[in-house]
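You are given structure tokens for the same protein chain in two forms, set apart as structure 1 and structure 2.
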Structure 1
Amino acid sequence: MKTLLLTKDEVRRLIGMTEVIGAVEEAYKAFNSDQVEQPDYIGIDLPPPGEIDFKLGYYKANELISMKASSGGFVDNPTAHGVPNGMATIFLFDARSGALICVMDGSLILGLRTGASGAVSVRALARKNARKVTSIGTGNQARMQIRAINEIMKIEEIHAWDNSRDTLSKYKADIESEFGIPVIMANSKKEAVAQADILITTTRGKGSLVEADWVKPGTHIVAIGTDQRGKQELDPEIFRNAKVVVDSIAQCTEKGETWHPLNKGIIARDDIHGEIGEVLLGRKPGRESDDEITIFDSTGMAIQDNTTAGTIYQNAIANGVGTFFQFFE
């Protein structure tokens, strides 16, 4: 019995964004097809600001159980321990035997699968003639969103805003050199949002960043940043007449962007259009007119890690990549 070990570098070489988009789309469909078990995640309360949690997912179709351990917030790590302030590892178990078949570095997977989730929502919910993307926030995940959306449509220009002008300039230089897409550095959030066919929010915001009357009809909003209570990026009024699609109703009503308009009574739970898996499976319509505002609220699910890591594992086996270790005879 041998366990496959995959380094971060091997993980990077074993999967491309197109495959991640496919894996995430599969994850969303599986979630709405009784193919998934995702127990509540468990975590440890460490002395602040460090945190570590464990997310477990089982996908019946690939017969894999994934456990992702991810840590974050250890701000002294680079100086004190020579490691990043957040790390992740994914453990894969064969559901047919219970065996640990793979341990892979997981630090790239969160970024990749979160980027892919935006692209999946764009394909399902954005206008077919969408060309302009606005990015509120220009950090790593903002880049990942562009990388993923660029795989599935032609982006003509990007309007970007960040509260740090330096970060914004760096984003412009990186995106223009990597993808050849012109980036316009906005002078205000309002100016940027008014340009959007697709609006992406990927900040660590803890209050409304985007006001309702800035958003033009027909915009598709990819709300990424809010994955726990206390975070917020959008004026809850935006939800009032929007088509709201979420990754998981249970999660988004508890800790996603959708919690805010529910909490304020701006929408009721029944006003949520549905989960994205239902749209992808054709059980619920996606966009129905060029005028409607669509919102995709993504909190992230263990099953996305499962299908992404499962694809990486299969690619590793197929290509003979990685190191086998025998924990017992």
Structure 2
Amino acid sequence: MKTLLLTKDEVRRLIGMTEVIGAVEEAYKAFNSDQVEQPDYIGIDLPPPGEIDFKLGYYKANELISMKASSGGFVDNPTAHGVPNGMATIFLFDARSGALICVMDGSLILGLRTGASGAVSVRALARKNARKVTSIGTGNQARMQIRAINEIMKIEEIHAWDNSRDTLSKYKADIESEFGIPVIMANSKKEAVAQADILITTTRGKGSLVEADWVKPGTHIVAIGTDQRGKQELDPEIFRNAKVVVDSIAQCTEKGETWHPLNKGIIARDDIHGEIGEVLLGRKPGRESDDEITIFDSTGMAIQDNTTAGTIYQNAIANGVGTFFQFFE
């Protein structure tokens, strides 16, 4: 059996955001349908501010096992080592034999599937008349969230905040050029949050960036940045009267944004409404009124990598893309 190697450029050609949104929705449904085996992921903190995570998942339906190694925070990498400050690699194994069938760059997949997760939550939990998006943070993932959400709804305007005015200005120029959506650069986080129908947080925050009294009724919050203990973006008080939906209860109560209100006793585990897969499968309701504040806490799951990488692998085979190599004679 030969192993397929896919570079970042090849991965880029093999999948688009609409297909990724479908793969992520499939992943969430599979997770809540006894189709997935997914051990706790492992994160290792490296010399500040670096980190590397390892996520492993088995999906019974496609008979694939995926393993992803993703690193981030290495701000000196481009100058010191000539590589990006964040990277990812995905390995696919055939569950029937245990053989390694594909090695692909995972950097683009990580961004795409995380962006798609926000869009899936917006479709399930945001108000149907939501039109204004606020982005706290304006990096690569903030852009991915807009790309994905733009696929499933009409965004009329974006209010954005970043602690760097230069970074914020570049975000405005990039988004307006790519999508033609007007971007209003907020003078403060409070000013930006007050405008939100949909609030996206995509920072590497270490404390609450968004205060509870800034959030208006009916807001849907996509909490992306907190995926390790110690990170935080939201005032835990926001959770007190919100409908809380998570990707994985096991992960979010240990490493996600939801850990903070649990740790402070603001909510109990039973106050978590459910997992997004349960909502998508119709086992639990999504938004039930236009005044509800809904929160989607996303820590990221291996099964999202599995379904997305699996789709890319099938597309590569069908289109003859990639390079084969052989470990075993």
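The first residue in the sequence of structure 1 is number 1, and each one after it adds one. It should be emphasised that the depicted structure is a prediction, and the values quoted were computed from it without experimental measurement. Here, rigid core means the biggest group of C-alpha atoms that superpose within 1.5 Å across both forms.
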| item | value |
| --- | --- |
| Which of the two shown structures is the form predicted together with another copy of the chain | 1 |
| G111 C-alpha moves between the two structures by 2 Å or more, core aligned | no |
| Is_shifted F74 between the two structures (CA, 2 Å cut-off, rigid core) | yes |
